[in-house]
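Here we start with a single chain on its own, the form predicted on its own, put down as structure tokens.
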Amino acid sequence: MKKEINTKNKDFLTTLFKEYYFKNLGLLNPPIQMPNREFGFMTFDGKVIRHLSFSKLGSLKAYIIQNVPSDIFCSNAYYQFPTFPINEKGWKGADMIFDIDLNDLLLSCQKEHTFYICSNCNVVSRDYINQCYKCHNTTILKNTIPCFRCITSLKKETKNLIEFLKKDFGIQEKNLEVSFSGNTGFHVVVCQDNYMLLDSKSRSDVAGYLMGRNLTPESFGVRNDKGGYRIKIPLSGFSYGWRKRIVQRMKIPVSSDHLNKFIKKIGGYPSFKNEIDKIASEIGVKIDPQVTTDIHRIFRMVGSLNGKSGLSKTICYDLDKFDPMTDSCFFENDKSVDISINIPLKFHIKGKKYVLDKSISSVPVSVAVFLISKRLANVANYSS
């Protein structure tokens, strides 16, 4: 949850966000069937405004320039009446969306660049805290600055998802839209009509399959039988999907004899089940299933700024070459701002490494927006 920031920081970010939208309104990517979408906005005061509708892109742009939100969202769903209460909107379908976020990858390096921030007084700690040691506030925000390893891992997981969708679901790559979220993740949207009408349960099944949940030995023709097991190879064999991935990882030639020898060697039916679970956990896609399942979700709009980082949500046309800390940063490097650092930091942005101590530092506008959005610094002196 985002909490209200102090007035000086809010004024600074409002000025810079407004400047971004003045200069880059063309980067806003309106969704298809725009009049049937619900729009939502978050303010720099932490308030959420929902159930709005715009029939034309010009009206949306005018609203943004006039109100300067910290975040802009539109629904994944198509509605007959997008401004009505949720149970009266008249749901007509929804895009199927997948969210790959750094928090779900559980990388060992995250501890080095994850920070816990008091929402009241902005005290920052590298160690997890559930209460501020200065003001005793119990609302603690978690923020991360992705490192090179984080970004590489996020890209790898995004590619893993794309391969599953292409090979197991037959979705063509041209029908997949990949974008950087503007903070610590990537979004993949399926732009294919036959997925639009799937209900929440069906989307949950898709997410469960991608994550490798609830795979059983029975799926591989191995049945529990009076304390032992028996094998009957499925008619469809092991030529595709999870069956193919599992037997390839186990390095088992596809036959009843080889499968039987392997199961005996590792200790029988329960051990085979454990081995399947282990492999599924390793190679299943690390997605947030709630995002995929939710058919009424408002989702960050492409081309809009992420209020948690000041970076833009950006479509990735070439994932390998895409550098989120450069390609999604649209603020200047030729103008400086004095900021006070809340904790010593090391990070890269726009191709340059920064090592900042806990003191007043003069940094480019791009760095100031990034750190202030992440609650890791405060503006000390700035004239627009």
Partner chain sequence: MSIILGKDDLAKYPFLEEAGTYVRESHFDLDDFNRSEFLHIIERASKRIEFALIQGKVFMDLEKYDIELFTFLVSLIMMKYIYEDSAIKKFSLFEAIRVERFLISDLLKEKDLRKKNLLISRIFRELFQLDVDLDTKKNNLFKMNISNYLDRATQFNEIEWKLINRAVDNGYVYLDVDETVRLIRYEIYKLMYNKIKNMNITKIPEQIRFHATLIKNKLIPTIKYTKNTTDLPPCIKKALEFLNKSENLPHSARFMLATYMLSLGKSIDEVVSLFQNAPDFNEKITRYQVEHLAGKKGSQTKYSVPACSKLVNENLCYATIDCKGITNPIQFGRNRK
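Positions refer to the first chain, counted from 1. Because the structure is a prediction, the values reported are computed rather than measured.
Form predicted in complex with its partner chain: not shown, discussed below.
Residues within 4.5 angstroms of its partner chain in the predicted complex, judged by any non-hydrogen atom, belong to 230-238 and to none of the other stretches in 290-298, 230-238, 99-107, 253-261. None of the heavy atoms of K308 is located within 4.5 Å of its partner chain in the predicted complex.
Not displayed here, its partner chain is kept clear of P85 by more than 4.5 Å at the level of heavy atoms in the predicted complex.
Taking the partner from elsewhere, D225 is found to have every heavy atom lying beyond 4.5 Å of its partner chain in the predicted complex. Heavy atoms of V206 reach within 4.5 Å of its partner chain in the predicted complex, making it an interface residue. Highlighted residues D168, K201 and W242: every one comes within 4.5 Å of its partner chain in the predicted complex, counting any heavy atom. The single contact residue among S271, N214, N137, Q248, judged by any heavy atom lying within 4.5 Å of its partner chain in the predicted complex, is N214. Within 4.5 angstroms of its partner chain in the predicted complex, the stretch 296-326 places no non-hydrogen atom at all.
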